[in-house]
Every structure is written in C-alpha cells, then in structure tokens.
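Read the single chain below, which is given as structure tokens and is the form predicted on its own.
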Amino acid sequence: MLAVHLENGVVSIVCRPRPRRLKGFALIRLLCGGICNTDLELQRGYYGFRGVPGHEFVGRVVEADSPVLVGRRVVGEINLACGGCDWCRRGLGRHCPRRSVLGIVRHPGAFQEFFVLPERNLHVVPDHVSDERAVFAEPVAAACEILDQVRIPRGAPVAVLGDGKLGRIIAQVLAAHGAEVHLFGRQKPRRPSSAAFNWVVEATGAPEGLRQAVALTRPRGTVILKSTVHGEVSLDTAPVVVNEISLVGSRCGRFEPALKLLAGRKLRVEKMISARFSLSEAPQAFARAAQAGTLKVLMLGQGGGGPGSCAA
C-alpha cells in the first residue's frame, strides 16, 4: 500500500505492507485526510518525528471485531490510552502517561491507504455528513474542548488570536455557543485594545502569540492556549502574576459534541478547504499547506489499483 513518510523535514511516498490488525483494533481504509498545523510542525522537527503523519481523517472500516463497524465511515480520537491507569479509570485517557498518539507519538498516522486504531476510539459518521465535512471532526473537537474547560457565558466577548485553520474553527464553535467572538490575525489585522477581554484564545501557531494573548487579557481573565510550536516560547511572567491571569492549556476534545455540530448547519467548514490532492501527491500537498494564506488542504485516499498505487 501507499504511505506518506516524513523524516528530516522531507515528505515522501513509500510502499509498505498493510498493517496487521490486533484484537480490539479496526483496520481502516483512508477516504479523506486533513493536513493541520501540527503536521507542519512535525515536518519542522516537533517531537523529533519520523514516520507516517496524519491524525485528521475519515475512513471506512474494512475489518473489526465488532461486525456493526465493518463497512461504516468513521472518524477517530487520536490518543491510544492504556485503559488501566488512574487517568484512564477517571475517563481522562487523553492524559494517560503511557499513551501513544496517532501520527504524532509512537503510532503510525492516517496518511496511508490502510491504518489501525482501537475500536473504542472510533465514532461512526452520520450518513448525511459528507467526507469533506467529517474530516474536520478532530479540530472541531479540539475547539469544543475549550467549552469543557472554561465556562464562557453566552454573549460574552471572546478574542481569538489567529485566523488560520484552527482559529477559524474555534471562532465558529464559540459563536455557535453564543459568545461574541472577535477574530484577529493576518487576514484581520486590526489591533485590539490592550486588556480588553476576559477570555482570550491563542491559536496563532507563532511563538509571540502567548505574549500577545496575555496583553489582551483583563486582570483575573483567562488565556486558553491552543498553539503547538516547535521550539521554546519566551514570556515575561510579570503581567501574568500581577494581573492574576489564568493560563489554560487546551488540546484534544470529545468527538460527540463535534459530530453533533458538524451534523447541523452552524459550522461552515467546507469553505475553509483550499486544495485537494491524492495521497500519492503528499509532497505537493504539504508544500501547499505550508504556503501563507492556505487554510485546509485535504488528501484523498487512493482507489484500489489506480494510478500511483503500489504493485501487488
């Protein structure tokens, strides 16, 4: 089968054996995958990554222990938890110290024709939700996590810093919740007033984003951190201490509210798709995703035996 390989900043296409399915896992055929900023950070050296990237996907289950899953379209949570530690018993497997992470930490990602994930990680996609809409489930879930972590009243002004892929999704999710969202970034360069918001979401993907977010936050306000940046981020902590600002790290989220939002009409994620490539065009897809102003780049799964497929 075809697989995308990332090593030393180089994206290439390789042929590799179809993965073996273990008990409790499903074998999934990729239908559609999305390149996110974390994938680009992996290319730049984040986590010292080497292997198959990709964690935003829609796939079709080919084999599974559960017959009800076979043939169904699914999306999947990316953390593979041990299931037995204290964190897992508390329902917080996303923080399991022994976890691996799809396409990021010790588990091959979804940017290959076939891949495996635990069946307990999978969520069936409603029939009326298209592949190109469902592929946004993981970033929408990450946006929904903010509302699980922080109580934001309806109608409250919220600043979202960063108008890239994740920032725009966060803005849409918070607006659907009823917040008064103010989105700032390259496409919306108007500078907001200092110390103007009780809630600020930092999704710039840039090292200076945290400093900007703190400057925007009122005393005793909250900064929600969404950026994953390769390298160290410097910050003058004095404003954080003096103004008693809370910093909340925010990562993955629950898929149930994400799929519910995607099944409705409040999110307009399809308008964020900048380009589509086949899996065999992964180097070009990553190059396009890294261009300034590009939003979501999709990679479509290979047709069996079609152009670019590995020889049998």
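The first residue of the sequence shown is number 1, and the count goes up from there. Bear in mind that the values here come from a model prediction, so they are computed numbers and not experimental data.
Here the subject shifts to the form predicted in complex with another copy of the chain, a form of this protein not shown in this document.
- Although the partner is absent here, G264 is not a contact residue: none of its heavy atoms lies within 4.5 angstroms of another copy of the chain in the predicted complex.
- Contact check for D65: no non-hydrogen atom falls within 4.5 Å of another copy of the chain in the predicted complex.
- Under a 4.5 angstroms non-hydrogen atom cutoff, another copy of the chain in the predicted complex lacks V124 among its neighbouring residues.
- Contact annotation for D236: at least one heavy atom lies within 4.5 Å of another copy of the chain in the predicted complex.
- Partner contact region in the predicted complex: 141 to 149, out of 115 to 123, 141 to 149, 69 to 77, 167 to 175, criterion any non-hydrogen atom within 4.5 Å of another copy of the chain.
- No residue in the set N37, F277 and R288 has a non-hydrogen atom no more than 4.5 Å from another copy of the chain in the predicted complex.
- Residues are counted as partner-facing when one of their heavy atoms sits within 4.5 Å of another copy of the chain in the predicted complex; in 248 to 266 these are V248, G249, S250, R251, C252, in sequence order.
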